[in-house]
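Starting off, we have a lone chain in the form predicted alone, written out as structure tokens.
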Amino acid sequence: MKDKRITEADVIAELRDGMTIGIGGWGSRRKPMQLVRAILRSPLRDLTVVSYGGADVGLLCAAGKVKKVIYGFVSLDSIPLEPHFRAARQAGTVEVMELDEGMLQWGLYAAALRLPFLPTRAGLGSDIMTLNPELRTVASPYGDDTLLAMPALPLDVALVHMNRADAAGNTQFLGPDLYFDDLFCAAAKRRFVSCERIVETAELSAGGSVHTLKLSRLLVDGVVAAPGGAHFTSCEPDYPRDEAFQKEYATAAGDPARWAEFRTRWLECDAVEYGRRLGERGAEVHK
């Protein structure tokens, strides 16, 4: 099997201005934050970001990297509103496509199936159609139903974070939910996974854990070893969300001077060092 181990620099070298990038995870859970940091350090601009969003979306908006956001929500979970995305949304500095969570899933699924759209009842009877006048309805050929035709959301690149992977790109989640990381990868032309640890293939299925292998090497183009690479979001069971760090992040967002200091410190951090300290101190992540 091909060895797909690469670095975050290799991932950034594949990205271009104006690309549509899907970011896996959910809110403030198992986000590929090391790869997000790498984008923040890069000169990339005018990105369309597709996400069940959290700080990934907020940080990219705050840095002026984003032209458009396609999302089901943007939240920090324990802090309901992502402050940087809220500011960008209120100021009108980014274009948006606001969707029901199920519609976003269906758009990714349609792209994965290489279909132009999938019919759904989600969004009917709401302001979704008003907010997104480009959406259309379709008449069922098997009855009298009128359904919303959710367009496919094809991605140029998908970025996700997993607990474990082997060198060939088979990946494993060990937390409570895969979220929709498999759909993000299936909907994309190029797919890159960061992970807490790269292990031997046999270790992925040890202890009867085959059901956690939902993302195969066929849907992965590159694997980045990134211990602590989801911080400050959670990556259960390896570590929980760093609530203290996240609170500092949200508080600093309201103060330009404090935010400038915070952003510089966070961008310069080393995810490998995060991983080492997480291993030493368990759930107590460093500030």
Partner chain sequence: MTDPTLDELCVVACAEAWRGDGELLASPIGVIPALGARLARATFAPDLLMTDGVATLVTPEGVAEGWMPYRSIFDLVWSGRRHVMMGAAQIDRFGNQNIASIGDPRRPKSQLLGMRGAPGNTINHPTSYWVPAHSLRTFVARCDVVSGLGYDRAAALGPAARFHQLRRVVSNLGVFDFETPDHSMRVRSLHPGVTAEAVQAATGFPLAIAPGADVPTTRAPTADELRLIREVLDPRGTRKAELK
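Numbering follows the first chain given and starts at 1. This structure is a prediction, so every number in the text was calculated from the model and none was measured.
What comes next is about the form predicted in complex with its partner chain, which does not appear here.
Although the partner is absent here, V74 sits close enough that one of its heavy atoms falls within 4.5 Å of its partner chain in the predicted complex. Mapping the unseen interface onto this chain, A91 counts among the residues with a heavy atom inside 4.5 Å of its partner chain in the predicted complex. In the predicted complex, none of the heavy atoms of E203 sits within 4.5 Å of a heavy atom of its partner chain. In the predicted complex, its partner chain stays beyond 4.5 Å of every heavy atom belonging to A187. Residues within 4.5 angstroms of its partner chain in the predicted complex, judged by any non-hydrogen atom, belong to 24-32 and to none of the other stretches in 220-228, 248-256, 41-49, 24-32. Among A112, A122, V199, A168, the residue placing a heavy atom within 4.5 Å of its partner chain in the predicted complex is A122.
Of the residues in 83-101, those that come within 4.5 Å of its partner chain in the predicted complex through at least one heavy atom are, in sequence order, F85, R86, R89, Q90, A91, G92, E98, L99, D100, E101.
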